[in-house]
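Read the single chain below, which is given as structure tokens and is the form predicted alone.
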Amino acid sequence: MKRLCIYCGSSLGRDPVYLEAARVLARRLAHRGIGIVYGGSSVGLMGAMADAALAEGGEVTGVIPDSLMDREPGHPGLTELHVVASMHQRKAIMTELADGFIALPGGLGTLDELFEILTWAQLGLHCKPCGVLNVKHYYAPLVRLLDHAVEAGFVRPQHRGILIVEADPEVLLVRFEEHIAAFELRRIGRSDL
């Protein structure tokens, strides 16, 4: 993994545990030499995560639509900042640059990005790992909803399995590495046929 796309809130949330989790994940990625691709903002968990990675010498690439620059100013200290024309362009560039996707706690934008990337994986548009860092059980209701969707027959179990859910960032990163290694083995096996 060279870069991971991190989806997270443009606000800090009410519990400081969310802020600390964003910083811990950013530091761990920087120490592993894994770059971050994110929404480019300087505020909320987004800005704090970028600051923490940069402070450890990490590579951080932001992608922000021009229309958001007034509400969520682009981070001035990033390794690279792409200012794009639309949200669709933002998502496409972030997807292209990343080797996997992690959602930290966030609001509607974070959920939108997470569900879109899960849908793209379900449709076979990418085979990159997708996960959530389940800080203080933030994503527990979402996990229950997805399990309910399986039980109700609207989501296939193998598609539910696309989402990796872990509370520990180190365990989440190990599971991402396992996902990538398994995909590479399947790919090599097919190319040998």
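From 1 onward, residues are counted along the sequence shown. As the structure is a prediction and not an experimental result, all values here were calculated from the model.
Although not depicted, the form predicted together with adenosine monophosphate is the subject of the following passage.
Enquirer: Three residues, Glu72, Lys91 and Leu108; all within 4.5 Å of adenosine monophosphate in the model of the complex via heavy atoms?
Expert: The answer is yes: all three residues contact the partner (heavy atom, 4.5 Å cut-off).
Enquirer: Work out which of Ile34, Leu68, Ile164, Leu146 lies within 4.5 Å of adenosine monophosphate in the model of the complex, going by heavy atoms.
Expert: Selected residue: Leu68.
Enquirer: Just to confirm, with a 4.5 Å cut-off on non-hydrogen atoms, which of Leu81, Leu118, Met87, Leu97 contacts adenosine monophosphate in the model of the complex?
Expert: Residue within 4.5 Å of the partner: Met87.
Enquirer: Quick one: does Met46 come within 4.5 Å of adenosine monophosphate in the model of the complex, counting heavy atoms only?
Expert: Contact with adenosine monophosphate, yes.
Enquirer: For the stretch 8-31, return the residues whose heavy atoms include at least one within 4.5 Å of adenosine monophosphate in the model of the complex, in the order they occur.
Expert: Residues within 4.5 Å: Cys8, Gly9, Ser10, Ser11.
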